[in-house]
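Just the one chain here, laid out as structure tokens, in the form predicted on its own.
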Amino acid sequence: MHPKLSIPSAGVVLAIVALAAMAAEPLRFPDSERYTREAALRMARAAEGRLAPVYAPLAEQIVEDFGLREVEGIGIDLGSGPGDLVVELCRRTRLHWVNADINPHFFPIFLEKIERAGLAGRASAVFADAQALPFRDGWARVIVSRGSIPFWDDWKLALGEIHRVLAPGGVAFIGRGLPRDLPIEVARKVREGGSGPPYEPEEMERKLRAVLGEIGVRDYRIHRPRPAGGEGIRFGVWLEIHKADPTEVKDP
């Protein structure tokens, strides 16, 4: 059984929810030895520094591609950290957004950002291991994640959980990299500042396809943006998953 979360109408909620494990197993409680305050502060500085140009265009891309501007319900940003993407998504949608992160040291930073942006009541923070999300089946209209996938111990568990938590008719957009419309010179500067854990896009795409096949997810697309003039700049690998709505009536 997964606990049902109740989202209040005012204020920003900090919910610490027990999850799963060690290594590939879900954590049952925050692990401050593995996920430290210092790590949270480093990522927060990067989000406000070299990564700052990424979040607004990525939010705009997500909202436009998936028609989220007038949609209501729940959105989850898995591994949002200091929450800069959540702030931009709140500004562009009517969804209530949840910052679900394994390091709760991010949450005071996130909550301050939300309040400072005038978005109190529009977002919540929940301690969550991607391998055992503390949300009921079919809860979220949309799930996004930028940059957390390299840190998942078990992609099969995590992607299975994402699919489980998606509502029928919902969409997930998961990956690492840059928004496709980020200006080339801006993208170059972001990449010059660091690129996170190394990876090969072809290998990542193969792994995603293999894992999705294992868990029986068929309705998906993999995006590898290659904008003109961006040769030599890694724009990343992005996975788009759709969950079928069995109530939809299809034309015969």
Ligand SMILES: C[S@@+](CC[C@H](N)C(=O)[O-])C[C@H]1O[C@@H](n2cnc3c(N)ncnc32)[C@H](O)[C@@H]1O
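Being a predicted model, the structure only gives us computed values, none of them experimental. Numbering starts at 1 and follows the sequence shown.
FYI, the form predicted in complex with the named molecule isn't displayed, but the following is about it.
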Candidate stretches 115-123, 163-171, 78-86, 135-143 - the one whose heavy atoms come within 4.5 Å of the named molecule in the predicted complex: 78-86
Any non-hydrogen atom of I102 within 4.5 angstroms of the named molecule in the predicted complex: yes
4.5 Å heavy atom contact, G147 and the named molecule in the predicted complex: yes
Non-hydrogen atom contact Y199 with the named molecule in the predicted complex at 4.5 angstroms: no
W155 within 4.5 Å of the named molecule in the predicted complex, heavy atoms: no
Contacts with the named molecule in the predicted complex, stretch 112-131 (heavy atom within 4.5 Å): A128, D129, A130, Q131
